[in-house]
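Just one chain follows, in the form predicted on its own, and it is written as structure tokens.
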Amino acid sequence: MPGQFVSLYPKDGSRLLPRPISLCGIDRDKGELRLVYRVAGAGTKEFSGLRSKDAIDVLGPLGNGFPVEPGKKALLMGGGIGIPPMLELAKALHKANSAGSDKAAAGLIQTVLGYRDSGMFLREEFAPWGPVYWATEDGSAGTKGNVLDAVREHKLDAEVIYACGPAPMLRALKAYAAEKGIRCWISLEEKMACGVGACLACVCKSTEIDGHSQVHNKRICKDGPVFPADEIEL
């Protein structure tokens, strides 16, 4: 489901840990997943060299995804490499909202994307599902600043917020949602080891006591990566 991820294992035995990569697209008819990622190290560089029919070990799908709440005006907020999982969510929300008619979904999905510069990957692919706005840190395209700057510039409102991106962005969105009284779901980005919640390498502070560790934390890979914003501390 939108918001989940898979763990990809490098073939090089010197790199033991898998790389978690979010789902950008889900095609159930073809049995295919689409993964969009940034080459950031040796593991992802290896993946970028794969060709059609090459084999790779994959564990997943893992984690909890975004709950699809049809009929509510939604803001989808993606920043940097947090943008890819929002694309499949946009498609899922549109399908749930349409209920046989595209008119029923009109205006319910708004997407705001944050980039460093004018290299705005995937931006055009969001257009079929609703209006798209964007911000760039250097001001080269769209609103100069971040996703919240774009929200304020275009006077956007919503009943529910879905977001994925770097921690400073999510922290600001959590505060914004609390101020406006909007339900907010956020997907955390974190380095992981096992990916199934056993090693406790990827944890975040939570307002509740975790039933597994008996402390105030949540396992991002197992309990998340998607959480209600008011249940975790950033």
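Being a predicted model, the structure only gives us computed values, none of them experimental. Quick note: we count residues from 1 along the sequence shown, nothing fancier.
Absent from the display: the form predicted together with a small molecule. The rest refers to it.
Colleague: If the cut-off is 4.5 angstroms on heavy atoms, which of these, Met120, Val160, Val132, Ile81, is the one near the small molecule in the model of the complex?
Modeller: Exactly one listed residue reaches within 4.5 Å, namely Ile81.
Colleague: So which of Gly31, Gly41, Gly181, Gly49 gets a non-hydrogen atom within 4.5 Å of the small molecule in the model of the complex?
Modeller: By the 4.5 Å criterion, the partner-contacting residue is Gly41.
Colleague: Can you tell me if Glu69 lies within 4.5 angstroms of the small molecule in the model of the complex, counting non-hydrogen atoms only?
Modeller: So Glu69 does not count as contacting the small molecule.
Colleague: Look up in the model of the complex whether Val36 has a non-hydrogen atom within 4.5 angstroms of the small molecule, and give yes or no.
Modeller: Although the small molecule is absent here, Val36 would touch it in the model of the complex, with heavy atoms inside 4.5 Å.
Colleague: With the partner left out here, check for me: in the model of the complex, does some heavy atom of Cys204 sit within 4.5 Å of the small molecule?
Modeller: Looking in the model of the complex, residue contacts with the small molecule do not include Cys204, since no heavy atom lies within 4.5 Å.
Colleague: Determine whether any heavy atom of Ala177 comes within 4.5 Å of a heavy atom of the small molecule in the model of the complex, and answer yes or no.
Modeller: Looking in the model of the complex, residue contacts with the small molecule do not include Ala177, since no heavy atom lies within 4.5 Å.
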